[in-house]
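Okay, so here's just one chain, in structure tokens, the form predicted on its own.
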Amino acid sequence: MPIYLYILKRILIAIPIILIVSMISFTIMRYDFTVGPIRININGHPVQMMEQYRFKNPIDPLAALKENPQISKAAYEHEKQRLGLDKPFYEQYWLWISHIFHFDFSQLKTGHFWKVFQPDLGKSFSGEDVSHILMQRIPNTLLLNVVTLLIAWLVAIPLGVYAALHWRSKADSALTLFSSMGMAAPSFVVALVLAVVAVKVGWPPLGGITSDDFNNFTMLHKILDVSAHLVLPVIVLTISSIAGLQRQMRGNLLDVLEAEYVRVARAKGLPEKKVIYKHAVRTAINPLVTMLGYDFAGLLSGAALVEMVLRFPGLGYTALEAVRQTDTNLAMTVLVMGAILLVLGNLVGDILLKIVDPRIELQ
């Protein structure tokens, strides 16, 4: 199958998956339903087996207004109506999805085809446009995740290969200990420790992604300033990523080195480096390429606590706060973006796997 048809097929399959994810997420945030009493007949007499129960999301996004004695009941009801919280959750979902899939077909007459699809992400409970919040947070999170993945792969793969080639040596034991500690240590604990060290030492800077006088810097100074603010979150996220990738690469390569085709290549007299790096490593890295999509989407959720501890203005912490407050427009947009990142990451991983291993067919 041509690669463009494969990509189109995957995109078409992803659309209903993302819609199902949005329905489940919205229902969890906004569920409100009642289970009535169950009655059965025993010897001709009706017996009630259970009382009537109402299941409702325990989080009230307007709890602060309700508990404020200075807010009148009329103002509270007006705010509830403005946010659409007075409607059943399925009506709220329909309003949200209809605003997302908003089309302006009048743009076809003017020839502006790219303006036909005009999604309306709505406003957050604070009154700020969701699109404006995302435009501020998405570049920061994408930069953090891309740098983290790049460093993790550039460091972990060579370390895994080295550990496999020096199996049971002191270096292998040290790398195994490092990977075990890196995978066991919670990211937010590592973030807290490094934050305390940064405060005592005075470097790297803690909080934000730029300095206060960033606009007055030269281009080179701006790049260095952003890089300095990325040091702490990148270190925290790469520790666990490097540990997991290095450990898996070591295990995969050890298995491949025992394969029959590797022994045959050595028996034919091929150089050891060619046997290892051209044949064994390329096969051992295939499962890691497949997991690339899960790693990229997982960083969005895994970075939430790290962003909160290090006060990094990313999308993860924004999503955490939106879900905690059940801010419908903001939370749903971020959750759907996470699903889209997972789908795109899997697609990129499959395409990279095809590039790494030409024997694989796209179907």
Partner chain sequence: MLETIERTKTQKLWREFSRDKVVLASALYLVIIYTVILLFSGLIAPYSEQFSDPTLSYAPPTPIFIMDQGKVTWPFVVHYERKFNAASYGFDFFPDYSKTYPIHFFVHGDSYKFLGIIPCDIHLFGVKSPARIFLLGTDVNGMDNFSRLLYGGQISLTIGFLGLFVAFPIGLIYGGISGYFGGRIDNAMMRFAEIIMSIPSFYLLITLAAILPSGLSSKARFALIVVILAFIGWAGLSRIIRGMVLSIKEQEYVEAARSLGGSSFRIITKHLLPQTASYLIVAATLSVPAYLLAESGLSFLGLGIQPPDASWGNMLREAQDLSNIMLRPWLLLGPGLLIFLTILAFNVVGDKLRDMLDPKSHGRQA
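Rigid core (definition): largest C-alpha set, two forms, superposition within 1.5 Å. The structure displayed is predicted, hence computed values, not measured ones. Positions refer to the first chain, counted from 1.
What comes next is about the form predicted in complex with the partner chain, which does not appear here.
Chemist: In the predicted bound form, which of 255-263, 214-222, 152-160, 91-99 comes within 4.5 Å of the partner chain (heavy atoms)?
Modeler: Contact-bearing stretch, as computed: 255-263.
Chemist: At 4.5 Å between heavy atoms, is Gly338 in contact with the partner chain in the predicted bound form?
Modeler: Answer yes; at least one heavy atom of Gly338 falls within 4.5 Å of the partner chain in the predicted bound form.
Chemist: How about Gln248: is it within 4.5 Å of the partner chain in the predicted bound form, going by heavy atoms?
Modeler: Result yes; Gln248 sits at the interface with the partner chain in the predicted bound form.
Chemist: Please tell me whether any heavy atom belonging to Ala195 falls inside 4.5 Å of a heavy atom of the partner chain, as the geometry stands in the predicted bound form.
Modeler: It does: once the partner chain is placed as it appears in the predicted bound form, Ala195 has a heavy atom within 4.5 Å of it.
Chemist: Although the partner chain is absent from this view, report whether Val21 comes within 4.5 Å of it in the predicted bound form, heavy atoms only.
Modeler: Looking in the predicted bound form, residue contacts with the partner chain include Val21, since a heavy atom lies within 4.5 Å.
Chemist: Looking at Ser180, Gln118, Gln81, Ser72, which has any heavy atom no more than 4.5 Å from the partner chain in the predicted bound form?
Modeler: Looking at Ser180, Gln118, Gln81, Ser72 one by one, just Ser180 meets the 4.5 Å heavy-atom criterion.
Chemist: Counting any non-hydrogen atom inside 4.5 Å, which residue from Trp203, Phe103, Tyr277, Trp167 sits next to the partner chain in the predicted bound form?
Modeler: It is Trp167.
Chemist: Which residues, if any, of 306-342 lie within 4.5 Å of the partner chain in the predicted bound form when only heavy atoms count?
Modeler: Met308, Val309, Leu315, Gly316, Ala319, Leu320, Val323, Arg324, Val334, Leu335, Gly338, Ala339, Leu342 sit within 4.5 Å of the partner.
Chemist: After superposition on the rigid core, does the Cα atom of Val309 shift by at least 2 Å between this form and the one not shown?
Modeler: No: Val309 shifts by under 2 Å between this form and the one not shown.
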